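Shown below, as C-alpha cells, is a lone chain in the form predicted on its own; questions about how it binds or moves come after it.
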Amino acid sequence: MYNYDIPVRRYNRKDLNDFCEKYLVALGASEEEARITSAGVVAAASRWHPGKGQGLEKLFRLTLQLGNGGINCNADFEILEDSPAAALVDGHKGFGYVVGHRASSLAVEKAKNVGVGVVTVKHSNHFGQAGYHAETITKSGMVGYVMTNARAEMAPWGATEPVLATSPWGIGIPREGADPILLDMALTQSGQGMVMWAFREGQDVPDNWMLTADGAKSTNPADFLNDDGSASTGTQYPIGEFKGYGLALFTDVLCGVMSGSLFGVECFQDDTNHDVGHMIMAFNPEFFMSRDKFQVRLEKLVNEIRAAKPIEGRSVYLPGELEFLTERDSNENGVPIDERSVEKLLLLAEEQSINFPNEIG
C-alpha cells in the first residue's frame, strides 16, 4: 500500500520561502508575484503530500514555463465583464497563484457588498491547491468555493480515453478561533503524480486509483505508465465512479467552456499555453444571519461530528484537520522535502547562483 515512509530533509519554513522568492525574481517575476507564489508553494510543502507535486517541486514546472513563455511575468489581471456579484477575468497567462489570489480578493469584495461573489477566470495557469485559495477566502470570514479545470486525465464513465481533468475543488468554511474546515480534493481517486511517485518508490497502489489503457484495474503502478514511468497510459478513476465523472464534466463547463479558456482534451496540453480556467466564489454568512449566530450554529454541527462514535481504531477528523496538524509539525520541526526533489532543487539554485537553505539538524 502507498505510504510516505521515505527519506526526507527538513528545512526552516522562512528559509524556504526566502529561497523561492529569490529564485522566482531571478527568473523574471516581480516581487509581488514571487511573494504570492512562494507563499502558496511553501504552504503546500508544509502540509506534506508527496507525489502531488504541489510543494517546492512546483518550481520545476514554473522554471520551464518562465523559460518558454508559458507564464507571463507582470501579466495584466483584466476584468472583462463586471457586475455587483460576478466578474469575468482574463489572467493573460500570469502566475496561477497570483491570478487565483487576485480573483479571490475580487470575489470577497463582491460578497461583502451583495452576499456572494463569483469570479470566472480564463487564460490562467495551474494555481496550486484549490483549497489554498478557498482558505484565503475564509480569512475574510467568507465561505470559499474554488474549482479549476486542468489536463485531461479522466475518461468519461464507461470509456478508456481521457477527456476530463482531475478537476480539483477547494471548499473552505471559516471558524472563529480555530482552523477553517477545509476540503481540498480532486474529483479522481488520485493524480498522475501520485501514481508516478509510487512507481519510483516501488510501492503498490489501491486498485481504484487508475484504470489501464484497456479499462482494467490493477495495483501495479507500472500498468498505468510508460516503461520508464514518465507518463500515464491509463486514466484516472473518478471519485464515486459515474458521479465523479458527472462532477468533472460540470467543472469543465463552468471553468473551461463558460470562461472562454480551453477545455476537454485541449486544456493544459501545451506548456507554452496551458490556458486553464477557474471559478472562484465567496459567500458571506452575514448576508443570511449575524456572524456570531452563524458561528454558534456551525460549532453545534462540529460538536455533533466530534461526538459521533468512531469505528474501532479510527478517529474522526474535520476536512483539512490532518493537514493543519502536519503544517504545525512542519513549522516546529522543519518542512519535509523528499531527497530526490532536494537534489533537483539544488541544481536549480546552482543555475541561478542562489544559496539553497541549510538543512535543519
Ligand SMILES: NC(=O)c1ccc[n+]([C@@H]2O[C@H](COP(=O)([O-])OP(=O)(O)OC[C@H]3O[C@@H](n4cnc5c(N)ncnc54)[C@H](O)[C@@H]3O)[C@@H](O)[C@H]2O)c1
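One rule holds for the numbers: they count along the sequence shown, beginning at 1. Being a predicted model, the structure only gives us computed values, none of them experimental.
Quick note: we don't show the form predicted together with the ligand, though the next part is all about it.
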| query | finding |
| --- | --- |
| Stretch from 259-267, 112-120, 166-174, 245-253 whose residues place a heavy atom within 4.5 Å of the ligand in the predicted complex | 166-174 |
| Output flag, 88, 108 and 285 jointly within 4.5 Å of the ligand in the predicted complex, heavy atom basis | no |
| Non-hydrogen atom contact residue 33 with the ligand in the predicted complex at 4.5 angstroms | no |
| Exercise: residue 319 in contact with the ligand in the predicted complex, heavy atom 4.5 Å | yes |
| Any non-hydrogen atom of residue 184 within 4.5 angstroms of the ligand in the predicted complex | yes |
| Partner contact for residue 294 in the predicted complex: the ligand, 4.5 angstroms, heavy atom | no |
| In the predicted complex, the one of 142, 103, 150, 210 near the ligand [non-hydrogen atom within 4.5 angstroms] | 150 |
| Listed residue that, although the ligand is not shown, lies within 4.5 Å of it in the predicted complex (heavy atoms), from 234, 221, 238, 128 | 128 |
| Residues of stretch 248-265 in contact with the ligand in the predicted complex (4.5 Å, non-hydrogen atom) | none |
